[in-house]
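Quick setup: the structure tokens below cover two forms of a single protein chain, split into structure 1 and structure 2.
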Structure 1
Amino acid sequence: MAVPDRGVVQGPPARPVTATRFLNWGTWGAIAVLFAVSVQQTGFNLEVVGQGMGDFLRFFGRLAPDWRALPQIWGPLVETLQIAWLGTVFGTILGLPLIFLASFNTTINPPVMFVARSILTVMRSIPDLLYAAILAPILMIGPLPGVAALTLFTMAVLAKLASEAVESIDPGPLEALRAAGAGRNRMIVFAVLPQIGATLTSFILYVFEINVRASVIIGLVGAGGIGNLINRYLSFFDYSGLGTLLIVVFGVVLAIDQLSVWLRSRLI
């Protein structure tokens, strides 16, 4: 009599082909319906877009750079980079406690974790440009509201990303320190930070990249930096100066992106 092979582990029953096809068709159908409804309600029209391409190209033709504008660009450009840097530094410092309070394996208790995650959710739901628009009338027009806006944005984004990294660490060192009677702070310092140090640094560099781009835009609402200069060029129809500014900003952002990618590749 043949002996059944008990070493073979039976997996879950396969889903019927008909059900799989139904789900696939249902998913694609839902996507198509949402696309059609969105096109109708937003008034998207390829014909209108095509008709506007001529004006679009003519406008770009007026952005021929005037390099004589360079001396007045450097000051606001440096201020923009300073806003991004300070927002990243302050946001990282203020966001570090939230990282561990929002992680289930390092929080104080479940209610504290719920409050921390709720705060992060609310903070992430507000765009950085809206932060700057709200803070500019309160803190005066200038770089200060820009730094404050990017600080809040950095706190929310960094704490969210890093808390997920904390929750995915190897629990072994945490359990060993807990069994030895170590407190929560010691467990974070000696078991958590060594495991997420490189990842956390990578996240900080990534957020700094985002803040450099954002610091250009938030200046449009009076938060200092290059945005104020963009407003001035647009107000006086100085498109040559605007073209020069765009080229300089593009070069600086590209250089920072490449440097950040290189640094993150060395860390991970």
Structure 2
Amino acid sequence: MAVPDRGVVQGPPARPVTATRFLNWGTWGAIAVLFAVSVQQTGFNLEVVGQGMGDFLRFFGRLAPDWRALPQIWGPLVETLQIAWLGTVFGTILGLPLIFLASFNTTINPPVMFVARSILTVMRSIPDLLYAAILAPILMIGPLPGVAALTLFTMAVLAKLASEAVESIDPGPLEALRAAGAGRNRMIVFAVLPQIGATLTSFILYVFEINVRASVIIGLVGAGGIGNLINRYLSFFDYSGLGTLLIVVFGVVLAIDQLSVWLRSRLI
């Protein structure tokens, strides 16, 4: 065997940073104080909780489904899935360049990487419903603001997940292609995509699962989909309609989850 190139002799092992350094009495105390302040400031107490949960459970009784509501639910449900699908597709397409610009091994130069990462950080800090609420008045009521909201949301979430995968690829093929005179785009297509393809597809499916859930609620703020109908049922006190809707949503979300999880398990 050849002697492998080794930089420096290894020093003593670093002191393991264990949880004990964080989970000591000081931390528990700080958490307790934070919790106490929170409770005091929000007027939260066990009585309120008991009452709230009681109301909540009693309310469930009024959600007895009425299957005659089904025909009304069908259209908005399809629109919901439409929004989730399109948001995922467009978010992926627009997010891909950002993924590579934000990864140190595929970016153009450090300033570009910094800008891409900053944009992603801000985009990622905005919740899906906030995107929808802001975009609804701008893009008008209907499915379009929903698609736009989930597109932005997908870009942010996917780019974060995927750029970690890109940064942990085997750098060897990248170097080989650089040595062979390939430019950045060709290196990405030939050395990066084959390595992250399965992971990326799995992430896209995962984001789609999240988007299906999100697309159910963005209609609450006017961004299209079944959330509109939820609002309508609530304002007309049509609780059996609401109950029916919730059961349908439950079934559809669960089915899509299972399908997606199954696909993901086959990928890796």
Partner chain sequence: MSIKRPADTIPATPPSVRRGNVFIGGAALLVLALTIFFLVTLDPLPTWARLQSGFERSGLPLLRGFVNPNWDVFPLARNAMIETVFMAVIGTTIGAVLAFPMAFLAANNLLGSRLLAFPGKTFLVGIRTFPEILFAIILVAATGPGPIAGILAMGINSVGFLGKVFSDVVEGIDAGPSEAIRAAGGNGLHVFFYSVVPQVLPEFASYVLYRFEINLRAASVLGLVGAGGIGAVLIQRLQFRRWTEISMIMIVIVVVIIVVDTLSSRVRRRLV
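In this text, the rigid core denotes the largest set of C-alpha atoms whose superposition between the two forms falls within 1.5 Å. The model shown is predicted, which means the values in this text are computed figures rather than measured ones. All residue numbers here follow the sequence of structure 1, with the first residue given the number 1.
By the stated condition, namely the form predicted in complex with its partner chain, the second structure is the one that fits. Comparing the chain between the two structures, the rigid parts pivot at a hinge, and of the candidates 110, 46, 31, 183 the one placed there is 46.
Its Cα shifted by 3.6 Å, residue 40 is compared between the two structures on a rigid core fit.
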